[in-house]
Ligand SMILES: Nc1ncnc2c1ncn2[C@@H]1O[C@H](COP(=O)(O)OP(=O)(O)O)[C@@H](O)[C@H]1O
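Only one chain is given next, in C-alpha cells, and it is the form predicted alone.
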C-alpha cells in the first residue's frame, strides 16, 4: 500500500545506488520515460537513462554520497534538469517543465546499502507566474523610466520657458530703464557743456585780472593776490578742465552702455532675421565689462561685419551666458578673448578665458540642466543648458575644452543660414510670389 501511495504521488521519486544505477522510479518518472524503457529501467545507469543531464546528475549524486549531505537545485539556477513536458491543467497545453530537485542520502536498514533519493517537483505554474510577473515588472520599470525622462524633459522645458519669459520681461524693463536714464543723461551732458563754457570764461576773466595786477595799487594788488592764493587758483585752473572732460567722457560711456543695453535687450522684430555677430559681440563686451571689470577684454574680428540668419534673442542669450561664466571664472586678474572667425558657410565664435577652469569630472555635465558647482542661491545651472539649446536650434555646435587652474575655451559654430532659416526664406518667397 505504501509503495502504491509513493507511486501515485504528484512528485518524482527515484532511488539511485552508489554505482549511479537506478534502483526505483515512481509513476511520475515512469510515465515520462520512453515505453521501451519503462519495464527495464532498473540497474540502468542514470547517465544512460537521462542522457541530457546525466553528467550533472552524476556530479550531484557523487557529492551526496561523499558528503552525506542533501543537494538542492532550483529552477532559477537550472530550469530543466529532466527533459520532461508539463501540461497546463486548464488548456492542456504542453510546455517544457520547470523543476526543483532535492537529493537526500538514505540507507537500506536491512542491507546497510547507501542510496540517494531524488525528489523532483514540477513548478512550471509557479515559474511561469514568476516569469510573467518579472516581465511585467520590467515593463513597468521601463515605463517608469520613460515617464521619469519625460518629466525631466518637461521640467527642463518649463524652466527654460520661465527663463526665456524672464529674459523677455527683463529686456523690456531694461529698455524702459534705458529710456528713462537717457533723459537725465541728456540734460546733464548739456549742462556740462554749458559749465565748460562758463568755466572757460571765468578762467579767462581771472587770467585777465592777473595780468593787470601791476596796474593796481599795492593794497588792491595784495588783496587780489591773497584772494587767488587762498582759493588755490592755480590748482583750480589746472584741474577744472580735466574734471569737466572726465565727466563728459564718463557720461558718454554711460550713454554707450545704456544704448548697448537697449539694443541688446530689446528686439524690434521677432523670428529669423539677419544678425551681425560682430555688433552683438561689441555690445556684449560693453555690457559685461560694466559689471565685471576685473578681466581685460579683447575682441578680434576678421571683418567689420559678419552676418548670420538666426533668431537674435536666443543667440544673444547664449553668448551672454557663456561670457558671464567666463567673467565669473576670473576672481582677480585675467583676460577674456572673444574671436569671431568668418568661414564660407559658417561663423565660429571662440571665447577664451584665463579663469579657474573646469575639473575633468564636470566637463561631461556642464550642459546638463540644473547642474551647477556654484554655492546654493548663486546659480540655477541653466546658463549653459539654455546656451546649448539655443545653438542647437540654429543647427550649430557648442563645445568646451578646459584645464583646471589654466582656463577654458568655448567654441560656438553657427551656420550662416540654418535649415530652419532657409525654410522660412522659401516660405516668404512663395508667399511673395503668390501675392504678386
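Since we're looking at a predicted model, the values are computed, not measured. Numbering follows the first chain given and starts at 1.
Quick note: we don't show the form predicted in complex with the ligand, though the next part is all about it.
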Exercise. Could you tell me if residue 325 has a non-hydrogen atom within 4.5 Å of the ligand in the predicted bound form?
Worked result: yes
Exercise. Taking 4.5 angstroms as the cut-off for heavy atoms, does residue 382 touch the ligand in the predicted bound form?
Worked result: yes
Exercise. Even though the ligand is not shown here, does residue 372 get within 4.5 Å of it in the predicted bound form, heavy atoms only?
Worked result: yes
Exercise. Can you check whether residue 357 is within 4.5 Å of the ligand in the predicted bound form, heavy atom basis?
Worked result: yes
Exercise. Which one, 258, 279, 347, 366, lies within 4.5 Å of the ligand in the predicted bound form by heavy atoms?
Worked result: 366
Seminar exercise, completed: None of 254, 329, 224, 285 but one has a heavy atom within 4.5 Å of the ligand in the predicted bound form; the exception is 329
Problem set entry | Contact stretch among 357-365, 244-252, 231-239, 131-139 - heavy atom within 4.5 Å of the ligand in the predicted bound form | 357-365
